[in-house]
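Shown here is one chain on its own, the form predicted alone, set out as structure tokens.
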């Protein structure tokens, strides 16, 4: 009988970091509720885990910097930095300087955008996943490949016909759902990104994007329905649809996403024409 080799300490630390466990609180289980009561014992410093391989030591200070900033203050700073950016490139540089969101410390890359900034359609997803965090581009994993096929089925190509971004530019540890606090802090940046890209149609992919940008709750009930989004300079048509990652888990729901794609194609044609679908395009 063969025995599996135990992971090395470095591999174990890397796994913990990937799962979002980036700080060691104690060597043994600790009752933090009891610790919140007044005590005369001096508090012990909280040791931190060593940085991951390839991670800059400077990243270690980021969680502390973000934690030291109140969420309201971080959101105010984000709004000021976003509005001061005159171009998309300047906005990307502002995001790279922003230290108000702790997700930046655990992410490998800033995931800003992909596609054509001059496109008529802008697609906004939730947040980067592991593949996106590794590459630094949105929707590049299995869900991204499905999104490309969905767009191709109505004649849209990623690099020329759409501009793709995310509600959050940094990956939440373990691919968890972004918290309302994280969304509130990062929202000014994606709002400014939409304003600068100035698309004709906004498509919010997944529940968090639909709620954060359009105020919609319940993606299954709200998907496929047209509304308006105020960019600050004009109002544009907007629609929510199901996230490709959800469709990979629930293939039967692809029929709903296909209806949304057909509705998007019809809207583009009504507003001035849309490309013909590729003969070999598939959404399955």
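Residue numbers count along the first chain shown, from 1. In this text, all values refer to a predicted model and were calculated from it rather than measured experimentally.
There is another form of the same protein, the form predicted together with a small molecule; it is not shown, and what comes next is about it.
Checking 82, 156, 127, 102 against the small molecule in the model of the complex, a heavy atom within 4.5 Å turns up for just one residue: 127. Put simply, residue 143 is close to the small molecule in the model of the complex: some heavy atom of it is within 4.5 Å. The small molecule in the model of the complex is not approached by residue 223, whose heavy atoms all lie more than 4.5 angstroms from it. Contact annotation for residue 138: at least one heavy atom lies within 4.5 Å of the small molecule in the model of the complex. Only one of 183-191, 112-120, 86-94, 130-138 places residue heavy atoms within 4.5 angstroms of the small molecule in the model of the complex, namely 130-138.
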